[in-house]
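Single chain ahead, by itself, as structure tokens, in the form predicted alone.
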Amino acid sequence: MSIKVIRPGLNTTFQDRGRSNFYHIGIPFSGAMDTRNFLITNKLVGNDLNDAVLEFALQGPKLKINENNINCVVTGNVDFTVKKNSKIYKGDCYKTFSLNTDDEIDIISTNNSMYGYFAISGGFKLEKKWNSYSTHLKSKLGPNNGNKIIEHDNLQLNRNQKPVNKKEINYVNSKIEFIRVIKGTNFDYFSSKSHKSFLDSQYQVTNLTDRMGMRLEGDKLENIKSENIKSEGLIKGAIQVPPDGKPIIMLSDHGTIGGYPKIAVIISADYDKIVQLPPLSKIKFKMIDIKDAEKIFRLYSMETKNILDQI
């Protein structure tokens, strides 16, 4: 049982929820960029919530099926088509569908967003690397020898042992006016003017964005203490400011240590939203305290659970 890759897409990798407890040797969590969409994807096809899925960025893969009755789903804000018996049909996200031998799925592009997901009932036949299916490209760690999916790859499938039930959910990828942050460990390294600029001005996502980080364009932030610090641990969502004064947001494949001051950290509940912003998107930040961030995360977790319970 397999799927042949006709076109790999721009950045298609296997991902699960991530790889924990390896920061001390320089390996970040990695994992699906948009956690909620990842969980919805697995739930729709009846898989374990931490099973591997294909994550793609901007342009997705084109795949040819080599097995009958494969139950699939695509999630995210994604345009895709299905070719069956030489006829092409427009696909619907968040709605499972069946593919058979010689059918094709063409994941054309994400729509005003960055990441989408593809999964099949029963999952892909993979071996965990250091207790995870996630691919970390810099360290060549994960399935497929730690590499992206490439043309002519044959993706092996598990045989689904469970009854296939058609499922769908009416889910809208929400957006918010502000990306909420808490103070970073080096917030006081920056001038009062920079604090005001950071919160009052608008930043733009540049093309220098990938799974490691997101560089922003906008008002330069003035460091009044030291442009470099002793390297210390990083977490995803941390906003570093290098000597040029232009913020960089650490994303899922970020380096585990860094020597640039950190002005703020994006709250966990808003991380799914920030990673989905494509280049040229505008961002405004809003500072909140850690107690409010914890309350918002509890609400985010409850809302995610409620969505999954409906599937």
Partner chain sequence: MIKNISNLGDAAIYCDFGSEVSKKVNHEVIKYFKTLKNKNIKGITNLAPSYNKLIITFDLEIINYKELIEKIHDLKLDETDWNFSNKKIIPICIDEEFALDIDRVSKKTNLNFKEIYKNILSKELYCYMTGFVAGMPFLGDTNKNIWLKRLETPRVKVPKGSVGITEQFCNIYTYESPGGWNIIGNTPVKIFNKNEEENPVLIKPGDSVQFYEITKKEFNKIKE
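Keep in mind that this is a model prediction, so the values were computed, not measured. Numbering follows the first chain given and starts at 1.
The next section is about a form of this same protein that is not shown, the form predicted in complex with the partner chain.
Between the partner chain and the residues 173, 139, 113, 223, the one pair within 4.5 Å by heavy atoms in the predicted complex involves 139. For the options 59, 256, 276, 281, the residue carrying a heavy atom within 4.5 angstroms of the partner chain in the predicted complex is 256. At the 4.5 Å threshold, heavy atoms of residue 26 reach the partner chain in the predicted complex. Though the partner is left out of this view, residue 188 does not reach within 4.5 Å of the partner chain in the predicted complex, counting heavy atoms only. In the predicted complex, no heavy atom of residue 108 sits within 4.5 Å of the partner chain.
Of the heavy atoms in residue 235, some are within 4.5 Å of the partner chain in the predicted complex.
The stretch in contact with the partner chain in the predicted complex, judged by heavy atoms within 4.5 Å, is 261 to 269, chosen from 64 to 72, 47 to 55, 261 to 269, 241 to 249. Residues of 286 to 303 placing a heavy atom within 4.5 Å of the partner chain in the predicted complex, in sequence order: 290, 291, 293, 294, 297, 301.
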